[in-house]
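Alright, here's a single protein chain in two forms, structure 1 and structure 2, each given by itself as C-alpha cells.
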Structure 1
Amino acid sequence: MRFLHAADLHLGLRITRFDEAACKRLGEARFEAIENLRAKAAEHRVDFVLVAGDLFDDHTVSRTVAERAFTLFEGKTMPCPVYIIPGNHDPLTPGGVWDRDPWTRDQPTRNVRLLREAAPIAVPDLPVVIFPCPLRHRNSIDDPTAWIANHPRAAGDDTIRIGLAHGSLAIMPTLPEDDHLIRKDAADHYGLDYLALGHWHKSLRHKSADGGERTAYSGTHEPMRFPGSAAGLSTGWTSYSADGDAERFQDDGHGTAQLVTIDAAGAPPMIETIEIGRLRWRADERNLTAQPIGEIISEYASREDRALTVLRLKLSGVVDPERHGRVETDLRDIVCSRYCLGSQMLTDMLLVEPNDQQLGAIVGDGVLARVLGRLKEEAQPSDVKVKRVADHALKLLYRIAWEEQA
C-alpha cells in the first residue's frame, strides 16, 4: 500500500510583498504544484493521497480558489481518492470555506474525501483505517489526536492504522501551548502505523522509540519564502501560530511531499521525500568589492531554470560609478526580466566610490568637490536618517556626475 502525504498547500496564499503581477504568478504556482502532485500520484501509482490540513490559506478564501482546488482533486486526472482534513488556517467553522459549495456536496464524491468528524474511516478495498483529526479552531490547547485513544488496536486487528492530523509535534518544550500540540509518541501510543502531519512547512521525520520513522511532516508543496528569511519578510504571509516565524515553519526554497509505502500493519513505513514544487526560491548575497562585474552578470544570465526561480539578489561591497552603472542596468535587467516574476535585486548595501583616477574627472575642482566633501561627512555614522539620505545622495551625485562628465 502506497500513498502520498502532502500538507500546507495554502491555496489563496496571502502575498503582499510583490507587485500585482508577481503576486498572481506566485499564487498560480501553488495550483500548478498540485498538478505536480497529481502527476507524482499517477507516476507512483499511489492508493490515495493525504492532505494534512491547511489546504487553504484561510477559511475566507474566494469561491474561485475553493472551486479550483476541488476541481483539481476531483478531476479525472487524479488517479486516487484524496483525504483532506481542515487545518488551523482553514478550520472547520460554520460559514467557512468547508461550509460552502462545492465542499458541502454529499460525500463521497469521486475523489475528494473531506473528513469533518474525528472518527475512524476505512479506506475502501484496502486494509487501511484513517484516523482524521480535523481542527475547528485556529488555536487550541487540546491535542487533536487524543480521541484516537478511544479506538485502540483490537487483538488480531491487522489493518493499517494511519493518523491524519494538523498541529505541532511536542518534540521540544518551548512550543506555544495553544498550537494544537500533539504528543510526540502519538504514533506509538495510539498504535498507528503512520502519523501524517501538517502545520510545519519544512519536511521532517520523527523517530519512534524503536527507531522506526512513523511520524512525518510533509512540508509545504510549494515554497513561499527566500531561504534564510521569514516568510513574512519574503511574501507578507503570516502564520496563525504564535511561533510562526520559527524555522520549522519555513520551507527551504522548494516544495515537497512524502511518498509512503507500508507493506503491512506493524511494518516500518518506507518514506521518501519528493519534490513537487513548481518554483524554487533562491536568496543570494554577493559582495562586489573584488569581483569582476562581468563574471557576475554572465553567471546570472546563464543559470538554469531562471524562469522558474524566484531570485533575491542582495548586493554589497564598494564599486566605482562605472561598475555601479552596469549593476543598475545590465544585472538588474537580468534579475528583473529573465527570472520569475517577484525576483528582486537589493542594492541598499552596495556603496559607490570612484577610484582616484575617476574622482577628479567626476567631481572636478569646482563646487561639486565641496558638495562631495560635505556629503561624505554626513554619511559618517551619526544620525541614522541623515546618514541614509547622505548615502543615497552620494550615489546620486556619483551617478549624475558620471553621466554628465561622460
Structure 2
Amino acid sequence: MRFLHAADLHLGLRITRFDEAACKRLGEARFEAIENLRAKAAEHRVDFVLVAGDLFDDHTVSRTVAERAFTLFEGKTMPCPVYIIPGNHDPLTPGGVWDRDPWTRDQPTRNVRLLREAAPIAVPDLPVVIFPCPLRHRNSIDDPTAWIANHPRAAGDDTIRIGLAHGSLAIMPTLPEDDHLIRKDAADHYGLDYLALGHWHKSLRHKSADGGERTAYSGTHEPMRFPGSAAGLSTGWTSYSADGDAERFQDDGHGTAQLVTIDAAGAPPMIETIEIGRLRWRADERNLTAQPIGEIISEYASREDRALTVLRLKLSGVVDPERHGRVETDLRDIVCSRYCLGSQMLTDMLLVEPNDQQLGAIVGDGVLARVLGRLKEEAQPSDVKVKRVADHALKLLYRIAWEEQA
C-alpha cells in the first residue's frame, strides 16, 4: 500500500514584497505544484493522497481559488482519491470556505474526500483505516488526535491505521500551549502505523519507540521563502502560531511531499521525501573582490532551470569602475530577465574603488565636488581609523554619483 502525504498548500496566499507580475507568478506556482503532485501520484501508482490541513491560506480566498483547487483534485488526471482535512488556517468554522460550493457537494465525489468529522474512515478496497483530525479553531489547547484513543486496535485487527492531523508535535519544550499540541508518542499510543502531519513547513520525521519512523511532516508543497530568511521577508506569509516566525515554519526553498509505502499492519513505513514544488528559491552571496566578474556572469548565465528559480543574489566586496559597470549591466540583466520573476540582485554592500581621475570625472562640479574635496582632506591624516572611514566614504560617493548619472 502506497500513498502521498502533502500539507500546507496555502492556496490563495496573499504574496507581498514583490511587484505585481512577480506576485502573480509566485501565486500561480502553488497551483502548478498541485499538478506536479498529480503527476507523482500517477508515476508512483499510489492508492490515495493525504492533505494534512491548510489547503487554503484562510477563509477569504476567492471563489476562483476555491473552485480551482477542487477541480485540480477532482479532475480525471488525478489517478486516486484525495483525503483532505481542514487546518488552523482554514478551520471548520461556519461560513468558511468549506461551506461554499464546490466543497459542499455530497461526499464522496469522484476523487475528493473532505473529512469534516473526527471519525474512522475505511479506505475502499484496501485494508486501511484513516483517523482524520480536522481543526475547528485557529488556536486550541486541545490535542486534535486525542479522540483516537477511543478506537484502540482490536485483537486480530490487521488493518493499516493512519492518522491525519494538523498541529505541533510536542518534541520541544517551548511550543505555544495553544498550537494544537500533539503528544510526541501519538503513533505508538494510538496504535497507528503512520501519523501524517501538517502545520510545520519543513519535512521532518519522528521515530517511534521501536526505532521506526511512523510520524512525519511533509513540508509545504511549494516554497515561500529564500533559505535563511523568514517567510515574512519573502512572500509576506505569517503563521497564526504565537511563534509563527519559528524556524519550523520555514521551508528550505524546496516544495516537498512524503511518498509512503506500508507493507502490512505493524510493518515500519518506508518514507521517501520527494520534490513536487514548481519553483526553487535560492539565496546566494558572492564577494567580488578577488573573483573575476566574467566567471560570475558565465556561471549565472549557464545554470539550469533559470526560469524556475527565484534567485536573490547578494554581492559584496570592492571592484573597479569597469567591473562595476559589467555587474550593473550584464549580470543584472541575467538575474532580472533570465530567472523567475521576483529574482533580485542586491548590491548595497558592493563598493567601487576608482582612481582620482575616474572619481573626479563622474563627480563633476557642484555639491558632490565639494563633498569629494572634503573627503580627500579627511583621508590625509595619520589617524588610521579616520582614514579608513574616509576611504570607505569615497567609494560610496562614487557609487552615489554613478547611480545619479545613470
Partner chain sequence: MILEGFEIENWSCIKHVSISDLPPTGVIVLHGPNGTGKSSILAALRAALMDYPATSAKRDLKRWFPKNSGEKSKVSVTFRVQGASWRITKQFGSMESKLESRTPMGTWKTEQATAADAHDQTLALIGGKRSDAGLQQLLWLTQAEFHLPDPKAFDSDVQSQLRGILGILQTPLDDRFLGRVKTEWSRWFGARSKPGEKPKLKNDCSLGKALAALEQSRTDLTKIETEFRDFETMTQRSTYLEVLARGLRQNLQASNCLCNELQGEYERCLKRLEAHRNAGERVATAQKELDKALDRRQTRADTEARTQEAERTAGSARQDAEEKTRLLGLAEQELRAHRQELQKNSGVQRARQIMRDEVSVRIERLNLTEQVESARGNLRRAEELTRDLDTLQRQARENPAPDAGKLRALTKNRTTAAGLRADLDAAAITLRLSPDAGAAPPLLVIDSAAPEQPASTADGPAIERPIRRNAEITLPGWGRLELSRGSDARSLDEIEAELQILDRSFSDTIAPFGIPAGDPTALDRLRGLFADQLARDPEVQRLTEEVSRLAPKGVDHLRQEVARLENLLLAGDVAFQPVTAGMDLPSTAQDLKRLDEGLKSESDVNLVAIVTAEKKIEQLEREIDVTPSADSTRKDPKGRNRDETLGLRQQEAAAKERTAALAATSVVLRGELDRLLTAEQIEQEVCDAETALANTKDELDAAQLSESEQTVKDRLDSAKDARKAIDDQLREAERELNQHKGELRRSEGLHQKRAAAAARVEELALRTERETLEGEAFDRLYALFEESREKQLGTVMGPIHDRVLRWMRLLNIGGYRSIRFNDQFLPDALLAQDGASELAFGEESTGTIEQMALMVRLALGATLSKAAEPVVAMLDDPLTHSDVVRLHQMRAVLRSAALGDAVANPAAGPLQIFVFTCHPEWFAIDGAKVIDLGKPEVLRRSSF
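As the structure is a computational prediction, the values presented were derived from the model and not from experiment. Under this definition, the rigid core comprises the largest set of C-alpha atoms superposing within 1.5 Å between the forms. Here, residue number means position along structure 1's sequence, counting from 1.
- The form predicted alone corresponds to structure 2; structure 1 is the other form.
- Once the rigid core is overlaid between structures 1 and 2, residue 396 counts among the residues whose Cα shifts by 2 Å or more.
- Remark: with the core as the superposition reference, the CA shift of residue 367 between structures 1 and 2 reaches 2 Å or more.
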